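Given next, in structure tokens, is a single chain: the form predicted alone.
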């Protein structure tokens, strides 16, 4: 972690520990959209807002235990991921398909479509591919989904993913390999879960 980043983290953490409202606002401004996107990708959109609020509560409650071993962003990702995993464990009897509504998938796909200048049939193909990809990711076991979302979608490094999930670097690489392989199989229509 660069010296400037460490100093910024230290200043933010000190402000949070002292109950500084500006520090809380800064934390919220820096991380709320990232946390929301992560919660949507891990647990689905219906509960994402509540999960982010729960993660913020845990961050505020455990601020005194933040040791600075990692960056505050890694710590925030870790707490958010844990909150989502706990939620999914509590709701394990629900089928994962209920977590990802068709309307949400369509709105997410529309956000990520490349260019409005594409032909209608090209847009339809891309929309279909993105929808199938999201369903494939949502079908992964949580251990694999977490690694794939954090590394490939949130663009954390292998080491950051290992730090967030509290697992070995080799485990990150292994889970990512199998997650990508399973998504590819499901996406191409050749896998039976």
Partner chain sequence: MRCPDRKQLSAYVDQELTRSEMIIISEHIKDCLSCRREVAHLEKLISRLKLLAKEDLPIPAPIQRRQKTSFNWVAAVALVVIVIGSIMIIGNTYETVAVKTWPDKEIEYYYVDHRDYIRSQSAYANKLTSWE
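What we label the rigid core is the largest C-alpha set whose atoms superpose within 1.5 Å from one form to the other. Positions refer to the first chain, counted from 1. Here the structure is a predicted model, which means the values were calculated and not measured.
One more form of this protein exists, namely the form predicted together with its partner chain; it is left out here, but the text below deals with it.
In the model of the complex, its partner chain lies farther than 4.5 Å from every heavy atom of residue 70. In the model of the complex, its partner chain stays beyond 4.5 Å of every heavy atom belonging to residue 168. Among heavy atoms of residue 18, some come within 4.5 Å of its partner chain in the model of the complex. Although the partner is absent from this view, residue 177 contacts its partner chain in the model of the complex, with a non-hydrogen atom inside 4.5 angstroms. Scanning 127-157 for heavy atoms within 4.5 Å of its partner chain in the model of the complex gives 129, 130, 133, 134, 137, 148, 151, 152, 153, 155, 157 in sequence order.
Relative to the superposed core, residue 129 shifts its CA atom by 2 Å or more between this form and the one not shown.
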